[in-house]
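One chain comes next, on its own, written as structure tokens: the form predicted on its own.
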């Protein structure tokens, strides 16, 4: 287990380094820079060059790259180029909000999708195709709906028409009830796709297990179908479900970018959009590296859970 963990940790370091390098050089291929975005049309010529010098943008790109790598290694995220605010402070404010949305989405999706997928598999195994086809078709249609479209529809229906949830306003942990109402719509929007994906994966995994010999043995012992389905079949179909949960949790951080922008949630997504619009290299680089590190860390934890569920899993 220790050797397996060390190998996966080494892969994490290599992946993160690749992402850091790719993001750094890709951002500098975009036309314009932070100085030009900050100056607008008011500063040109020598004044603009002096501004670039103050921001450190006139240094050779290799020197900027090495400086950035050293800052990451020493956990010095620096300050935003455009506002001068410490990036670590912005992350500490935005990340708990985004993480709360992601955790709530995963929890809601699991509660709905796993029983739904298991029931669809049971119906298909018993030859009752109507309900199985209905669940599968609904899941496929929901999976095709883009988040921005679902967000606008939910905003129109639940907020503007019914007035159940606020469409905007402050997001604070000081008032848990108001906070939950504020993130309810983003969680619902993100859950639509997650429920569809998890339900289909669960259905496929459980359906394969239901034909195994130990399932027939459990039935022959007189156990109820519910006990056989949820205690034995679902447990032995856990690996694909763990896979999709791990991937979904990591990708949710990416999905929150659009949803947070639509619902004006001050999370990592909104911070990233603002950084891109202002060409704030330091902020955008740090956020994307943070996204990547979180994603590969979730994959590492998922692999370690694999090893606990099934010791036969190899690197």
Partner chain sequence: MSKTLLATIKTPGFHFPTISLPGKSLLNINKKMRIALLILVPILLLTAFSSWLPLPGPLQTNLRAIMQWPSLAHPFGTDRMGRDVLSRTLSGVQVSLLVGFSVALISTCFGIVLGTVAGFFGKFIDRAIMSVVDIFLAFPSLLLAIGLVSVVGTGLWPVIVAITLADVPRFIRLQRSLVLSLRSRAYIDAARTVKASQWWIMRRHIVPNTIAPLLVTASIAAAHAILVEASLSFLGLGIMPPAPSLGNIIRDGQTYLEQAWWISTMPGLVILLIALSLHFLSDGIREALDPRARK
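In this text, rigid core is short for the largest set of C-alphas that superpose within 1.5 Å between two forms. Everything numeric here is computed off the predicted structure, so don't read it as measured data. Positions refer to the first chain, counted from 1.
We do not show the form predicted together with the partner chain, though everything after this point is about it.
The putative spot formed by 131, 196 and 298 is not touched by the partner chain in the predicted bound form; no residue has a non-hydrogen atom within 4.5 angstroms of it. Taking the partner from elsewhere, residue 76 is found to have every heavy atom lying beyond 4.5 Å of the partner chain in the predicted bound form. Using a 4.5 angstroms limit between non-hydrogen atoms, residue 261 touches the partner chain in the predicted bound form. Heavy atoms of residue 19 reach within 4.5 Å of the partner chain in the predicted bound form, making it an interface residue. Using a 4.5 Å cutoff between non-hydrogen atoms, residue 250 counts as a contact of the partner chain in the predicted bound form. If you take 135-158 and check each residue for a heavy atom within 4.5 Å of the partner chain in the predicted bound form, you get 136, 140, 141, 144, 145, 146, 148, 149, 152, 153, 155, 156, in sequence order. Annotation: Cα of residue 216 displaced by at least 2 Å between this form and the one not shown, core superposition.
After superposing the rigid core, the Cα of residue 294 is displaced by less than 2 Å between this form and the one not shown.
Relative to the superposed core, residue 261 undergoes a C-alpha shift smaller than 2 Å between this form and the one not shown.
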